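The chain that follows stands alone, in the form predicted alone, written as structure tokens.
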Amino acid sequence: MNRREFLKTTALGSMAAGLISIPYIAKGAGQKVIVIGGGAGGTIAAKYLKKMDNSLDVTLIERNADYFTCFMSNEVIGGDRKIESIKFNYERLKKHGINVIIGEVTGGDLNAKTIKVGDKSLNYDKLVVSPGVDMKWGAVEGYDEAASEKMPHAWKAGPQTALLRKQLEAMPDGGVVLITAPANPFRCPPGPYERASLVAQYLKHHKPKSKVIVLDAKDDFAKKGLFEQAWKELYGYGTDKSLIEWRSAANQGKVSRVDAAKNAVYAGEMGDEIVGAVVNVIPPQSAGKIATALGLTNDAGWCPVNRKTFESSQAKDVHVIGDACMADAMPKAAYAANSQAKVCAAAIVAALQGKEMVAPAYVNTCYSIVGHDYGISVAAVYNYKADDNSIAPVQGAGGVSAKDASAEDRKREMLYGLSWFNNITEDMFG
């Protein structure tokens, strides 16, 4: 299957019928399903639960009336997109018959099957938790929520995205932009390197005496070969005039401490001080705090699940999807969350009707825009392995962009990435 056919197959929810092979499901008895979190996983779970069984009473709870997508937020930071273009609300979801509550879940009793929103208690038959991630404040010494107002992480889109963009605009030509990348696992593995690319693109055209330094807690990263190839072609990577410098953990790149007052980070074995004009600290992460409050996380801060159904390993009739869950080879990415949500919805409907769930399959595709008319991507299909309750990639399915791709191919990949964004947001909020 070529790339165009793959994209057609996986676009806009055809995956639900094509990859998950959902059978026709008769209407049930109006059981209640609550979905916590209105991001890439939660919106899709709520929407497809109603699609699969319209008699279900589905409630989506989200703390914010407006949702800003992290995907494509790097284009906002780089100046090629307005922040309004990544802003969405939940009005159209209501037309599917989904009850939408804008409020914060403050707790719950999973034994009694109740969730508390403010001073109101809601009961459920099944619960889906899709809380995304929260920053692990203090995991990097000196980096707390207050420090993020001076050194933005911008790893949750919205005000932090706007702050980082504003800092880049105010930075004098010749200033250094520091981006710190955490160790795995974290949300959107290629994200820091796409961000470095689009910041470098902005500097190239507006502040050519400046540069980006990526300080990494790892010695490797997603799509590394493709990123480095693009950096060489677009930003002089590897030369004295390179707009991007990447320092691996083995090359004094791991940051152990920051000082927000000095706009400084301390990296490497000797804790060398590096001062930036703009400092973007992407800290270690864990499952969203409500997952911890409900007792769904392990010691590492993530949520173990049954990979076939995404039911929590720690609570019956509770399912966890998206960035918060442990899904083996699947990355913590928006399209992975979309795929998991559809599998989870199918599992819940089958369970509520006392039916056997079909064997699931999963998919992920991720585009990175690294410059004007230059995109790269990775795509993968996964199967469930019952013998060890794991999700494993299907050998020979998917792949990454070709290294010898033409300029026309790179432009096409960029356009595919823009189309991917339009499709996934329509699937979420349309």
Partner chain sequence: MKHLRTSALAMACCGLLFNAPSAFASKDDDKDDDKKKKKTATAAKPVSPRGLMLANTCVGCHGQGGSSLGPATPTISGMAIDTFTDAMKAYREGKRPSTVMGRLAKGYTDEDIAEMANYFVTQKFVRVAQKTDPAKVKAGKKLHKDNCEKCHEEGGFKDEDGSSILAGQWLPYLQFQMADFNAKKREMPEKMAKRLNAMIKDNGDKSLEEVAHFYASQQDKKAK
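All figures in this text were calculated on a predicted structure; none of them were measured in a lab. Residue numbers count along the first chain shown, from 1.
What comes next is about the form predicted together with the partner chain, which does not appear here.
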Testing 82 to 90, 258 to 266, 293 to 301, 343 to 351 against the partner chain in the predicted bound form with a 4.5 Å heavy atom criterion leaves exactly one stretch, namely 343 to 351
Among Pro360, Gly108, Gly253, Gly78, which has any heavy atom within 4.5 Å of the partner chain in the predicted bound form? Pro360
Considering non-hydrogen atoms and a 4.5 Å limit, which listed residue (Ser197, Ser73, Asn280, Ser339) is close to the partner chain in the predicted bound form? Ser339
Is there a non-hydrogen atom of Asp53 within 4.5 angstroms of a non-hydrogen atom of the partner chain in the predicted bound form? yes
With a cut-off of 4.5 Å between heavy atoms, is Val381 one of the residues that contacts the partner chain in the predicted bound form? yes
Contact with the partner chain in the predicted bound form for Gly371, defined as at least one heavy atom pair within 4.5 Å: yes or no? no
Val400 near the partner chain in the predicted bound form, any heavy atom under 4.5 Å? yes
Can you tell me which residues in 393 to 430 come within 4.5 angstroms of the partner chain in the predicted bound form, by heavy atoms? Val394, Gly396, Ala397, Gly398, Gly399, Val400, Ser401, Glu408, Asp409, Arg412, Glu413, Leu415, Tyr416, Leu418, Ser419, Trp420, Asn422, Asn423, Ile424, Glu426, Asp427
